[in-house]
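The chain below stands alone, shown as structure tokens; this is the form predicted on its own.
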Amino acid sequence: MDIPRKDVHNSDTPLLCQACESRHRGVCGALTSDQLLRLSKHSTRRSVEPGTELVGESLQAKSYSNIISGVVKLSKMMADGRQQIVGLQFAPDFLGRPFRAENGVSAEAATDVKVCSFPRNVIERMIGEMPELEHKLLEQTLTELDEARDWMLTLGRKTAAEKVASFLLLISTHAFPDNEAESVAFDLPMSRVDIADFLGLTMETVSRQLTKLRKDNVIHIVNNRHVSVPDLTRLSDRAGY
């Protein structure tokens, strides 16, 4: 359900923006209080359940969003109906590509997700007027490009064991960017079928590698879904870094 922003006032930062855990790390971190106030007049904050489509591939983009929390999976569809998961996005990633007529991928909530959405025309107008916002979007886009190249290395050169460890490390570091501890715990954001699709492996191979990591005490698994990593350095070593 969409919840219109009702916290807009005439001075300082809007209250919901103050409380937003992703504002300073996301594109909104480039905006002044007055600029945030202007954007907030058009923004809508909403929560969506896993499996909800946020963006449809090849459909006209009518809005863009900041991911506030949760994990979003990006997919592309082939002409014969086969689908491939091509990426994951986390808070505070920007969902959408300004100035493109159509969406290049579909985006689906992999977990419970919160987003703050803005009309396309508002964002594109503000980008033209605010070099800081344009710079922040470019910076985030280049970061995604670098991460995509790193993931190409993972898919093209790493062993099955390294691929599964790399996936777990990706979740550990991106879903909890402010974590400074050497350990982390989380629920897997995707089924083993989706993880296998993302890594270019079979589901059986993913399950075997998770079992091996568990037996070697690199990870602990509870109820087949909850994963704890007691030592991120050990996991990073197993991922080939």
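One-based numbering along the sequence shown. Nothing here was measured: the structure is a model prediction, and the numbers come from that model. Only the largest set of C-alpha atoms that superpose within 1.5 Å between the two forms is called the rigid core.
This protein has a second form, the form predicted together with a further copy of the same chain, left out of what is shown; the following refers to that one.
Proximity to a further copy of the same chain in the predicted complex, taken as a non-hydrogen atom within 4.5 angstroms, holds for one residue of Met126, Leu74, Ile171, Ala109, which is Leu74. Proximity of Arg100, Pro131 and Leu137 to a further copy of the same chain in the predicted complex is complete: all three residues have a non-hydrogen atom within 4.5 angstroms. Heavy atoms of Gly200 reach within 4.5 Å of a further copy of the same chain in the predicted complex, making it an interface residue. In the predicted complex, Leu155 approaches a further copy of the same chain with a heavy atom inside 4.5 Å. Contact check for Asn121: every heavy atom lies farther than 4.5 Å from a further copy of the same chain in the predicted complex. Taking non-hydrogen atoms only, Ala161 never approaches a further copy of the same chain to within 4.5 angstroms in the predicted complex.
Contact residues in stretch 129-148 (any heavy atom within 4.5 Å of a further copy of the same chain, taken in the predicted complex) are Pro131, Glu134, His135, Leu137, Leu138, Glu139, Thr141, Leu142, Thr143, Glu144, Leu145, Asp146, Ala148. When two forms of a protein are overlaid on their rigid core, residues whose CA moves 2 Å or more are considered shifted, and Arg82 is one of them between this form and the one not shown. Compared with the form shown, the Lys163-Gly81 C-alpha separation decreases in the predicted complex, the change being 3 Å or greater. Distance between the C-alpha atoms of Arg82 and Leu155: shorter in the predicted complex than here (change of 3 Å or more).
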